[in-house]
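Single chain ahead, by itself, as structure tokens, in the form predicted on its own.
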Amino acid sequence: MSLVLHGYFRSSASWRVRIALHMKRLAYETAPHHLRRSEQRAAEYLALNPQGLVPALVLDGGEILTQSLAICEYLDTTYPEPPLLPANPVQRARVRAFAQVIACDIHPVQNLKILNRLRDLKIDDTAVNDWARAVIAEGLDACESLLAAGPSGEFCFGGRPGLADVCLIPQLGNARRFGLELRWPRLLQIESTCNSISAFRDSAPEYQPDAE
């Protein structure tokens, strides 16, 4: 099997997919696209993903998948061990909700595309970074509250990592990059536990071939 992951070492969406691939013990090739140099807007890449966003995963049959949560759910369906989603329908919905808080509500409005739009509106860098920190903090407040309703354990939803953890760890990485004070003890405890697992450690931005 030959999987090709188009991404960027610092992209939290690409980071999610790297974690899922490592958790499933799937080998893949890396095809980097430097977002700050707009390489994701090149015609060759737009032919793969018309949105001009990363990640995109090319399957061994040539099929192309985009959007990190869709890719993770494909991997979970095709390679069910270890599972990223619980079997219980209620817990499954809660894990998806947690993941979507990050992937659909926090990340889209603090990513490079949006921050550059703010700069285009002549908003200075201090205000732009304040925007990013405020968005992340508001979202992480919600994340920690959501975990209070779930099962106890070392990870977001119980005793093994899953899709919620796959989304949380990159978002905490983003929070640090923006200089946000991390004041969420449960989230930090989960992060520490996840980072003791090779699938999470090996997926970190600093270990990627295109890291700077």
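The numbering used is simple: start at 1 and walk along the sequence shown. Since the model is a prediction, treat every value here as computed from it, not as a measurement.
Below: the form predicted together with a further copy of the same chain, not depicted.
K.L.:
Tell me, out of A31, L35, L69, L180, which residue has a non-hydrogen atom within 4.5 angstroms of a further copy of the same chain in the model of the complex.
P.N.:
That would be L69.
K.L.:
Within 4.5 angstroms, counting heavy atoms, which one of the listed stretches 22-30, 150-158, 164-172, 51-59 is next to a further copy of the same chain in the model of the complex?
P.N.:
Of the options given, it is 51-59.
K.L.:
So in the model of the complex, does any heavy atom of L112 sit within 4.5 Å of a further copy of the same chain?
P.N.:
Because no heavy atom of L112 falls inside 4.5 Å of a further copy of the same chain in the model of the complex, the answer is no.
K.L.:
Report whether the minimum heavy atom distance between P83 and a further copy of the same chain in the model of the complex is within 4.5 Å.
P.N.:
P83: no contact with a further copy of the same chain in the model of the complex.
K.L.:
Considering only heavy atoms, tell me if A42 and a further copy of the same chain come within 4.5 Å of each other in the model of the complex.
P.N.:
Contact with a further copy of the same chain, no.
K.L.:
Can you tell me if L187 lies within 4.5 angstroms of a further copy of the same chain in the model of the complex, counting non-hydrogen atoms only?
P.N.:
No, L187 sits far enough from a further copy of the same chain in the model of the complex that none of its heavy atoms falls within 4.5 Å.
K.L.:
Determine the residues of 129-144 with a heavy atom within 4.5 Å of a further copy of the same chain in the model of the complex and present them in sequence order; the list may be empty.
P.N.:
In sequence order, W131, A134, V135, E138, A142 come within 4.5 Å of the partner.
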